[in-house]
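Only one chain comes next, encoded as structure tokens, the form predicted on its own.
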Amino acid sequence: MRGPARRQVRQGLRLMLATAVTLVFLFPIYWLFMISLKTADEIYAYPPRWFPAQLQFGNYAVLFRDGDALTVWNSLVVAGVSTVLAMLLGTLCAYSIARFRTGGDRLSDWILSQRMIPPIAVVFPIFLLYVWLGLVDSFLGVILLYTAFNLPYVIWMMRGYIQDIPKALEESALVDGCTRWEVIWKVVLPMARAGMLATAIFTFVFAWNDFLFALVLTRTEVTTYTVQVTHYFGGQSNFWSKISAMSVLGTLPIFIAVGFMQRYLVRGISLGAVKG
């Protein structure tokens, strides 16, 4: 077999392998979506039915009728607001560390180590503090906690992105009469935009997927969708149609966010943000 033919065979095998791997990873998503559109008999049918005989959109309608879908909005609020706050405060802190060596050379390492604290180790002391402050089951309490726990990640990532921006550009802007705040707004943020969006996506996902903090610190007013899903598991039976429908509603915002920000996400990851 000649060289060009051999290369075509290799490319074909790689394409087949990539397709097979993609199908393996996409199948759970497909199966979750199909279960959300099935009747109870079809869910428990054997052999499994790969496609429902009639689409049961009522499984979604009942979530909106009972108000359970509101928990997705609660997750969107706490994850979105905490991401904005973490990006705002974390970016400013990262700029100070990257440009002025605030706290010395090891401060960024110490900040990153705070992200490694197991949530189970601090959730109950935080709960007792929140009871004393009256922040249990409140948007303010959950947003503050998510912001605090995501700040170390944001600071570490943004520090790497900012270090990749040449200092000469900032110095030129200062010579031209810009203030330090104008330098950050007009030079640093535009050049670090891809890195900021990539960091924001991951920060949003971390807050969106949180379960432990939401389980302990919320009751009825600020219940997130990750906690709401557990309400459908019972001692005698599980409501699989509600579980799957709520899971689909809970994953849609992530797919939408990643889909719109995909080009920035790939570019941001490749900018060397993990540089020590």
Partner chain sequence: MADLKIKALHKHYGPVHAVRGIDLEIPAGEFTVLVGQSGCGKSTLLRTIAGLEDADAGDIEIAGERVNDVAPKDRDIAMVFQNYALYPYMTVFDNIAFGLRARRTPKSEIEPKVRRAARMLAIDHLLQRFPRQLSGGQLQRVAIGRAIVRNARLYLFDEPLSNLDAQLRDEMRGEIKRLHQELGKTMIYVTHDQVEAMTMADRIVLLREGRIEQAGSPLDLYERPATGYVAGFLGSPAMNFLPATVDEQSSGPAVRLTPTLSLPLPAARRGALEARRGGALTLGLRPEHILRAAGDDAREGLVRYSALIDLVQPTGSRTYATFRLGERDVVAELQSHDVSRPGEKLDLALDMNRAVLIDPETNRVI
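This is a predicted model, so every value here is computed, not measured. Numbering follows the first chain given and starts at 1.
There is another form of this protein, the form predicted in complex with the partner chain, and it is not shown here; the text below is about that form.
A residue is said to contact a partner when one of its heavy atoms sits within 4.5 Å of a partner heavy atom; residue 84 fails this definition for the partner chain in the model of the complex, lying far away. With a 4.5 Å cutoff on heavy atoms, residue 77 does not count as touching the partner chain in the model of the complex; it lies far away.
The partner chain is not shown here, and in the model of the complex it never comes within 4.5 Å of any heavy atom of residue 164. Using a 4.5 angstroms limit between non-hydrogen atoms, residue 177 touches the partner chain in the model of the complex. With respect to the partner chain in the model of the complex, the three residues 58, 65 and 69 uniformly fall beyond 4.5 angstroms at the level of their nearest heavy atom. In the model of the complex, the residues of 150-188 lying within 4.5 Å of the partner chain by at least one heavy atom are, in order, 168, 169, 171, 172, 173, 174, 175, 176, 177, 178, 179, 182, 186, 187.
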